[in-house]
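Here we start with a single chain on its own, the form predicted on its own, put down as structure tokens.
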């Protein structure tokens, strides 16, 4: 096979993969926008805010984290990019979320693959979660200032 045929096949495969990702990512983002319009995301953000404080993150950070944990890092990253574009998360917050998701994502499919070759599912999940929380919390303490009162709640109460 010559180089041009190889490059053409590579480009076709890349476009095919991007199309497959778009077929999943676009509906997730549209669904999240509908949930935002119905104020369900805000309610979920308030619910997860205490957990996000471990990482010095606002409650809004829960959305890309949950998507990344359930659907995988690619989809979590897509939601994270959208959160950056709409201004709900800043660059440092996105960096902390990116670290967490790089350490612990796809909590269903990845451990199941290892379970198929004999790993203990619960032990694997526990170790991944503890390691990712500790590493991310330490990184967040270095990168982000402490959250005394969530900035977004203060801004909303002043308006």
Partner chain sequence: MNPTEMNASRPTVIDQPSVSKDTFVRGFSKGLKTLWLMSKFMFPLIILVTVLGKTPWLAMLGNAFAPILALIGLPGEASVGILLGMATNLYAAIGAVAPLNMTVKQATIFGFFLLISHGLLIEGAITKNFGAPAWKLTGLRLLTSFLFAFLLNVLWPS
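Residue numbers count along the first chain shown, from 1. Rigid core: the largest C-alpha set superposing within 1.5 Å between the two forms. Note that the structure is a prediction, hence the values are computed from the model and not measured.
FYI, the form predicted together with its partner chain isn't displayed, but the following is about it.
Although the partner is absent from this view, residue 145 stays clear of its partner chain in the model of the complex, with no non-hydrogen atom inside 4.5 angstroms. In the model of the complex, at least one heavy atom of residue 105 sits within 4.5 Å of a heavy atom of its partner chain. Among heavy atoms of residue 135, some come within 4.5 Å of its partner chain in the model of the complex. The closest non-hydrogen atom of residue 128 lies within 4.5 Å of its partner chain in the model of the complex.
Residues of 10 to 24 lying near its partner chain in the model of the complex, listed in sequence order, are 10, 11, 13, 14, 15, 17, 18, 21, 22, the criterion being any heavy atom within 4.5 Å. The two forms, fitted on the rigid core, differ between the shown form and the other one by 2 Å or more at the CA of residue 16.
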